[in-house]
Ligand code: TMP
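Single chain ahead, written as structure tokens, the form predicted on its own.
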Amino acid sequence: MSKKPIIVFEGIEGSGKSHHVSKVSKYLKSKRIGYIKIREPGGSLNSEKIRKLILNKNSNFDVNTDLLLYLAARSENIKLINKYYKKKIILIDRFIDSTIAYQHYGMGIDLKIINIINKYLLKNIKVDFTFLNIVNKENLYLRLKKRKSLNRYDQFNMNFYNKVQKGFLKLSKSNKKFYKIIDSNIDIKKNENLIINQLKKLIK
């Protein structure tokens, strides 16, 4: 594994992934270790524009349009990722697995289509490690309720989120060596330490 890995944080809404990306960023900054942090959709200037369109709660896209917008946002990030690939640690809040979990397992889009476009966009770019954050429906509901504003993807029903989370878990089982499942229903400090300890192993 590269000592400048691509590390992805995955999980459904309310699973704590963005919190842990932030904590890892602060840790790397404190150690003066070079890294970049992006999110999907988002990250680059143009990808952030697409993010606003996708997540606007007034948007009502066809599922295929949704998929293509997400992949368009990813396309805009590829130049940024290539610039720092194997030169700096790359932290990504959602990436390939989110597209498969949400658009295939959640919305029923043909997996072959997603894989073909991802392969075309990424070429030789490979994720080194994934932290998959899981959450039960009680905590998911409570965490979404506390948010000051909800975007379009915060407002699906529990059945949808359940399908997506099961999709993530299927993906993790296919490549266990490069995944760590983070149970966000337990103490958050314990998970922060667990992730930082794993990070140290990845970059030592």
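The numbering used is simple: start at 1 and walk along the sequence shown. Just so it is clear, the structure is predicted and the values come from calculations on it, not from any experiment.
A second form of this protein, the form predicted in complex with this ligand, is not displayed here; the remarks below concern that form.
- Heavy atoms within 4.5 Å of this ligand in the model of the complex are found in one stretch of 172-180, 22-30, 151-159, 131-139, which is 151-159.
- By the criterion of a heavy atom within 4.5 Å, residue 43 is excluded from the residues contacting this ligand in the model of the complex.
- Interface membership of residue 63, defined by any non-hydrogen atom within 4.5 Å of this ligand in the model of the complex, is ruled out.
- Using a 4.5 Å cutoff between non-hydrogen atoms, residue 51 counts as a contact of this ligand in the model of the complex.
- Though the partner is left out of this view, residue 99 does reach within 4.5 Å of this ligand in the model of the complex, counting heavy atoms only.
- Along 9-40, a non-hydrogen atom within 4.5 Å of this ligand in the model of the complex is carried by 13, 17, 40, in order along the sequence.
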